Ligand code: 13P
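Starting off, we have a lone chain in the form predicted alone, written out as structure tokens.
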């Protein structure tokens, strides 16, 4: 199987690093590794979802795309402690994650997620919707649940806004574990996700949406998910928090 697009490699820093100074040093060293790589990389070779407070500074110095790990689903107004899409855009963010498994675990509801997706995409902020099952059943019922998750999460989104939509498949049982999903298991889910997208917006729109894989990704298996797993890129957690590891994954996925 060949790559459909230039690989989209997204890192998620979560609550790291501890200070802005460390974050700046990380970006400078990562960019140096990318520019000196023997593999020819695109001008913007990576995406990094970072703590919101780091976005304005890192977006100015990074050669990649800097984004947020979450966004609120509320409109401009009297809400304390929330960040809306226009604020992220004006602060330098070029994308955001929505529905990450750790955010869901803290109590995010499907209604909240649907409003986040709608407002974010209406603001023309590229948005990565994360979906993934906690466990698998032999009957394949989890596939139907994933499809329903996508449909409900995008229930308020008009299909003409799909151009800024990306979906990340993150099987929760594989995150941080010793065994990732196999490329075959990944490919099955990609088919299900595109089926869900087609039911919402039609096959033409469904084909345009990039799908990523996230769940225990390392240099040795990263490219396989793109070549054999049917995805267009990767969503990487802990491996993106280590400079050399992240750089190696980036170059590996862009190698011919």
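Everything quoted here is computed from the prediction, not taken from an experiment. Numbering follows the first chain given and starts at 1.
Another form exists, predicted in complex with the named molecule; not displayed. Remarks below refer to it.
J.: Since only the chain is shown here, I'm wondering whether residue 236 would be in contact with the named molecule in the predicted complex (any heavy atom pair within 4.5 Å).
T.: So residue 236 counts as contacting the named molecule.
J.: Using a 4.5 angstroms cut-off on non-hydrogen atoms, would residue 140 count as touching the named molecule in the predicted complex?
T.: Contact with the named molecule, no.
J.: Give a yes or no for residue 216: in the predicted complex, does one of its heavy atoms lie within 4.5 Å of a heavy atom belonging to the named molecule?
T.: Heavy-atom contact with the named molecule at 4.5 Å: present for residue 216.
J.: Although the named molecule is absent from this view, report whether residue 100 comes within 4.5 Å of it in the predicted complex, heavy atoms only.
T.: Residue-level check for residue 100: yes, a contact with the named molecule.
J.: In terms of non-hydrogen atoms within 4.5 angstroms, which of the given stretches 117-125, 167-175, 132-140, 70-78 touches the named molecule in the predicted complex?
T.: Selected range: 167-175.
J.: Any residue of 8-42 with a heavy atom within 4.5 Å of the named molecule in the predicted complex counts; write them all down in order.
T.: 12, 14, in sequence order.
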